[in-house]
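Included below are structure tokens for two forms of one protein chain, each presented in isolation as structure 1 and structure 2.
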Structure 1
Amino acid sequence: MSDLESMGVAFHIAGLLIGLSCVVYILIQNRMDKLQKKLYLYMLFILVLNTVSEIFITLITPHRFESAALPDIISFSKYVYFLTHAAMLPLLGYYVLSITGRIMSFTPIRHVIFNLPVLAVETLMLTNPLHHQCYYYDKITIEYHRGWGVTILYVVSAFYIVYFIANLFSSWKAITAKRRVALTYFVSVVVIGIGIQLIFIKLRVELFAEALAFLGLLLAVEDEANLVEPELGVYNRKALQIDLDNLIANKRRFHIICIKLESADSVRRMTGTSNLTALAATVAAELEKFVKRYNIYYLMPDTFVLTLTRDKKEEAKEKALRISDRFNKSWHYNNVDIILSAATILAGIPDDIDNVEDIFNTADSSLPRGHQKCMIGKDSLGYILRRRTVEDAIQRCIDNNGVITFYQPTVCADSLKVYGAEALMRLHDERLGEIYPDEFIPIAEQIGLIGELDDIVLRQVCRFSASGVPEKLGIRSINVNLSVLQFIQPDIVGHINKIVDGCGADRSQINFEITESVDAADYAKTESVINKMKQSGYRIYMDDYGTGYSNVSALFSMDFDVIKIDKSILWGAEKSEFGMVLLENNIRMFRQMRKGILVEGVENREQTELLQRLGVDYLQGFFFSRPVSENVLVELLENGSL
């Protein structure tokens, strides 16, 4: 064997080892369901097979005269080599197409055209034993000779490589930077390998170069460890990002289904762990009945996203409904049956959502209270997307002084003179304009910003109060709303005192309103906070009486100064006799309990007179004034319009 030949064997052995290692690694990952992976593995198999046959040929060629069968074995090995090596070309083409995402828009005709050159070459190779135009072995010396068929093979290879490069460039934007580098590396190494081989026919480095190129792909593209959620075996957020970018860059029409698990609490109670992941694995396995595993993405801690790239609108809808239905049944986990509630959202891309960011917004934003179980299309998504923009607006308003306190005066029921005012929050956002509390308060509570908002309002109120202006104009105290969530924070009283005292306000001029919708479990806590607040010098109002399920005996134990009867009770009294009975009796009950009574939502003279007759203490409503800005309030009071 010549030096060059032994070097060739060494290169082939190295290529074989690299190829085998890649095969093993891919098999260990156990993610062979995806076409891209299958293609990669087929190519590796071919590479391994080719290195083996090349090693074999090189090693036995010096002994070819020792046995009559050897020349035939050598020539057969070469035959297998050519047949399989040529098949690598279209596989490689398809592989690139599947990485760039183009494969999904490949029509049957394009498949045919794409495969024609290789079919021609394969036919030529296959029939070589008949015409010997590709290669032949000299009958006497048993030496290998190339024919014009091999030239054709190289021409066709060049065609596929050019195709590969063209495809890569035209999809440049659809793939990640890492994949661009990996694929560029791949082509370069393969081309260099072939180039060397063409120049130095005896230096067999082509397969070694290919093995190196495959190794590069393995590291940068096929190693999915960082894209897979290990406990679930499905893709993660990063994978979703890559795949969505790709689908959208390829202008594909597809659907997504978001599934939000909503039972973190009950899971914790039943399994003793707040870790939803294990249970999510059960769900993931079930979802594989609806879509392929590589179309399932798990976004920690409780959301699945499925991509449906082949289903028509109706099929997608049907799947979403079936998935939603599945959550009516129980899930078996750790020998217990658990009911998981989940919200399912179906969106068409690009009809309902047309960008990746909004897809993630849909998947990430928590749902409005009382949402439907299964939400389909734009109408239900409008809410979610708006919600997300409101979330951003809340943060913007906090950062840019967009949180503004409005004031709505309250009046004494008998004199109808101004008594106090309630501070009502408004958000003034540069992009969304004015946003009202009914929309942003529940969102701020869910994303944990309500405390910051309430603090800002409290500070503004205290500054206003400390200025002495309200007192001069007849406002004895100002009511500040406190979210129930705020109220049960540790040391809320100390926190409030610090703000009030820090602004130099008089504690007796600040009242706090909390709604009655306190969780029964928190009654004791609420009661103690109320007592501490009162000891600190504030007056406490119960807001929205009549909207929840009041536990009247609990109300007794909580020492509210004033009860604010909700406008729905007042309005109900006008509508029916029963409503009137409810209003009258509530007022009587609170009078007997010696509570102050304020009725809100007073919109006309009749209501005012009715409430005066029933003996309530304070009134509030549009009949006297709508909520107005601080300046307008001062103006109204100064010129006596109130």
Structure 2
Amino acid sequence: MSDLESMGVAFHIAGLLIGLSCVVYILIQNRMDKLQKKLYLYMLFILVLNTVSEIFITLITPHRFESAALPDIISFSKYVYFLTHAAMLPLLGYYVLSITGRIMSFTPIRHVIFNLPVLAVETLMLTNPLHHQCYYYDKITIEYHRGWGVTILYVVSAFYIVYFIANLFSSWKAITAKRRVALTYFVSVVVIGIGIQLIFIKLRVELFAEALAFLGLLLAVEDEANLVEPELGVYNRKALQIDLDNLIANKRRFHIICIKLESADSVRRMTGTSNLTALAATVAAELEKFVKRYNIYYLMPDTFVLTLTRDKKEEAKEKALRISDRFNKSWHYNNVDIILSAATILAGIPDDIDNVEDIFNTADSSLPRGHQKCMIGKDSLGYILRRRTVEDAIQRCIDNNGVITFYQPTVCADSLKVYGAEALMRLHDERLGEIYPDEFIPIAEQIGLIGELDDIVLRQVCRFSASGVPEKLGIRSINVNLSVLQFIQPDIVGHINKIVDGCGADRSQINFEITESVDAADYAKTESVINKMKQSGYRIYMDDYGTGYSNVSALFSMDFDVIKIDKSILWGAEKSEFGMVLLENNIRMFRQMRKGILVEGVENREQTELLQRLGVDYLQGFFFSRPVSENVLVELLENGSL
């Protein structure tokens, strides 16, 4: 055996080991349901078979004269090599098409055209024993010789290489940068290997080059460890981003189904498990009955997204309804039968949603109150599109002085004279106009901008207070709402002091309102912060009493100065005897606790007189004034209109 032949065997053995290692790794992953994976594995099997054939041929060729059967065995091995290797490049072509997403738009005619060149070559190779135009062995020396058929094979190979290079560049934006590099590397290494072996026939490096290329693809494309939720076996948010970018870049029409579990936390508490992933795994397994595993994406403990790339509109709708119906039935989880409530959202791309950002907004957004269990199409997704515009508007208002503070006066119950005012945030956007708190505050909390909004309002209030105008007009203090998210921030008291003192305001003229709905886990911290704020000179109000489900004993162990009774309790007192009892008992309880009492929602004289008889301290509502701007408030007070 010559040195070149020995080197060829070494290259083939190395290629075989690389190929087998890749096969084992892919099989261990156990994710063979995707076409891309199947194509990759088919090519690896061909590589392994080809390297075994070449090693066998090279090792027994020196002994070809020792047995009459050996020449036939060598010839058959070469025959198997050519038949299988000719199919490698078309498989590579399909593989690249599957990665770029172009294969989904292939029509039957395009498949036929794509396969015609390889069918011609395979026919030529298959019939080689009859015409010997591809290759042959000299009958005397039993040496291998190429024929013109091998040249045809290389020409066809060049066709497929050019084809998927062109496809790669035309789909450049449809794949990630990592995959672009991997495919470029793959094509380059294969072309170099083919070119070297074409020129230097005895330097057998083509299969080794292919093995290196496959190894590169394994590391950069086929290794999905960072794209799969290990405990669920389905794809994650990053994988969804990659696949959505691919589908939209290829202008594919498809549907998504978003499933938002609404009772996950209550189920977790009921079943006693602290691991929501176990619950999600149960759901993921059930979803595989509706779609393929590679079309399921797990975004967060309560959210799944399914992609339907081949379903027509009616088929997608029917599937969404079936999934929604499944959540109306019981689930056997953790040895308990439970009802797992969920909302199912169906959207068509691009008919209902036309970009990746809005798809993720759909999945991440909290659902509106009173939503349907199954929401289908654009009409049901208006709140998502509106949410995105509101998010942009919030940032614009912060940047362009669009955050405005309105004031609603409070009056003393006995004299009906102005006592103070509550600062209320409003947004005025140059594009959307007025945006009201019920809409923008929950969104601002979710996107992390509520703190900036609260700070802007606090500064405006402090500047107004520091001007001395409110005090001259009888306003003793101004109440500022503090969101729960702000309230639990580290060193919130120091942060507030810095703003108030920086504006030159008197701390005793600034009150803070904190909502009743503080999580029980935060009681200790809430009490500590309240004490620090009172020590700093502020008065603290409990806002919206009667709207939450707080532990009354724990809440009133905190040192609130004033309790604001929500308007629903006042209005309920007018509707029923029970409502009146509730109002009277609450007022009596607060009196015994020596708390100040403010009632919201006062809209007429009868309500005013009732509250005066019951002995509350302060009143607030439209009967006295709606929320007004700073200038209007000053004007009303100067004119004695309140």
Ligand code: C2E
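Nothing here was measured: the structure is a model prediction, and the numbers come from that model. So that the term is clear: the rigid core is the largest set of C-alpha atoms that superpose within 1.5 Å between two forms. Start at 1 and count along the sequence of structure 1; that gives the residue numbers used here.
- Working note: structure 2 is the copy from the form predicted alone; the remaining copy is not.
- Remark: the rigid segments turn against one another between the two structures, and the hinge among Tyr294, Ser380, Ile152, Phe200 is at Ser380.
- With both rigid parts superposed separately on C-alpha atoms, the smaller turns by 23° against the larger between the two structures.
- In the core-superposed comparison between the two structures, the CA atom of Met425 travels 3.1 Å.
- For Ser568, the Cα shift between the two structures is 8.3 Å when the rigid core is held fixed in the overlay.
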